[in-house]
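Presented below, as structure tokens, is a lone chain in the form predicted alone.
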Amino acid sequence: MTAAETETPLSAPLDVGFDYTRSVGPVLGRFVNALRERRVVGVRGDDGRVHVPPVEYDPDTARALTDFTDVGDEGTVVSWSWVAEPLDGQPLQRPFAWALIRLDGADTCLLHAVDAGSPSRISTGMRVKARWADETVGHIRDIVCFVSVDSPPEDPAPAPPPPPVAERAEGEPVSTVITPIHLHYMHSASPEESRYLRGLAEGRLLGQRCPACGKVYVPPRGACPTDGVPTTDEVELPDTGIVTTFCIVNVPFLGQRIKPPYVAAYILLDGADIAFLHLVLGCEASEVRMGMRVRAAWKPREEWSTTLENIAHFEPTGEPDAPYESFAHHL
């Protein structure tokens, strides 16, 4: 039994998030700007059906649609699914239903939340009405949720904070919407990956060799993707290698830690057969090239953990470039 099989695999919570930003265009623009005025707008198709939210092109004829029309903010539940344990970022933070709602005057359904209190208080065919936010900004969340027309909840769920909005001059129509996206889950590493991560905490770069083809994978994989056999042979590799391919990042984005321009490159460690993505710093971005010899720049030892971030970046060694033929088959 190998060490990788006897050690407890590592696991840790992982949070992936970003603000999804998109321009709305002339069709969805009409929709979100109407929401800011507490109105719901649809568009009429070639067959007379009213689509809500409005679509840019007729689903049957593909003709661009421009016949906008207001619909009601009350409607009928067509189908629903109960959410007993809401997740962070969902419309309500107490049990609610996701429902397809056909608004009065519309022929298609809008997906939204219904604050019903319990699953016994919602049903297909139930009449609901929109509960508008106190502050509307031009976003689907201007409708906090829907509630029953006949028996709304006695204590309405507190409204979430308004979504972030793109900068615009006072009175200008909404042209861009921002929707925060977050994914929270527990990531469990494989035994091989766990050995690799524990090695990083010791300043070592560990890979796995396929016993059939001899390829060395860093980070390691439990099985060789070429031969499908377990990669049982552990290999320790140096922290030097070459740049195979790279890109120069010139565009700023939310959460960016380094001021552009900078280089993100695939690094092929000496003795490895697969490259991994990391930063190349220590020189002008324009000086980075394919075949450049680089070495890992490690963070101070007291900052090390079970992560590849122990390596702050790679930087040029000053050695002659590797000939293209030596790494062409790794591209």
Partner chain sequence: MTDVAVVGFAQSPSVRRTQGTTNGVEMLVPIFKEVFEQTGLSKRDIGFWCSGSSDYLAGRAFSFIAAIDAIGAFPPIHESHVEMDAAWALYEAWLKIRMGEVDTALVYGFGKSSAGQLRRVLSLQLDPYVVAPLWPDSISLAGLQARLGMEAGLWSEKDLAEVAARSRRDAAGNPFAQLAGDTDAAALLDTPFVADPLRAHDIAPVTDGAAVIVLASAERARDLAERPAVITGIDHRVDSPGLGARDLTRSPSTTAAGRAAGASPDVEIAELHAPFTHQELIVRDALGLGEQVRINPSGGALTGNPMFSAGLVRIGEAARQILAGNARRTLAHATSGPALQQNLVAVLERG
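Residue numbers count along the first chain shown, from 1. If you're wondering where the values come from, they're calculated on a predicted model, not measured in any experiment.
If you look for the form predicted together with its partner chain, you will not find it shown, but the lines that follow are about it.
Of the listed stretches (246-254, 148-156, 119-127, 232-240), which one has a non-hydrogen atom within 4.5 Å of its partner chain in the predicted bound form? Comparing against its partner chain in the predicted bound form, the contact stretch is 119-127.
Would 205, 277 and 326 all count as contacting its partner chain in the predicted bound form, using a 4.5 Å heavy atom cut-off? Negative, none of the three is within 4.5 Å.
If the cut-off is 4.5 angstroms on heavy atoms, which of these, 201, 137, 189, 166, is the one near its partner chain in the predicted bound form? Exactly one listed residue reaches within 4.5 Å, namely 189.
By the heavy atom within 4.5 Å rule, which residue out of 161, 173, 228, 214 makes contact with its partner chain in the predicted bound form? Exactly one listed residue reaches within 4.5 Å, namely 228.
Touches its partner chain in the predicted bound form: residue 91 (any heavy atom, 4.5 Å): Residue-level check for residue 91: yes, a contact with its partner chain.
Is residue 141 close to its partner chain in the predicted bound form, meaning a heavy atom pair under 4.5 Å apart or at it? Because a heavy atom of residue 141 falls inside 4.5 Å of its partner chain in the predicted bound form, the answer is yes.
Decide whether residue 115 counts as a contact residue for its partner chain in the predicted bound form under a heavy atom distance cut-off of 4.5 Å. Taking the distances in the predicted bound form, the answer for residue 115 is no, it never comes within 4.5 Å of its partner chain.
Contact between residue 45 and its partner chain in the predicted bound form at 4.5 Å, heavy atoms? Taking the distances in the predicted bound form, the answer for residue 45 is no, it never comes within 4.5 Å of its partner chain.
For the stretch 197-226, I need every residue with any heavy atom inside 4.5 Å of its partner chain in the predicted bound form, listed N to C. In sequence order, 221, 222, 223, 224, 225, 226 come within 4.5 Å of the partner.
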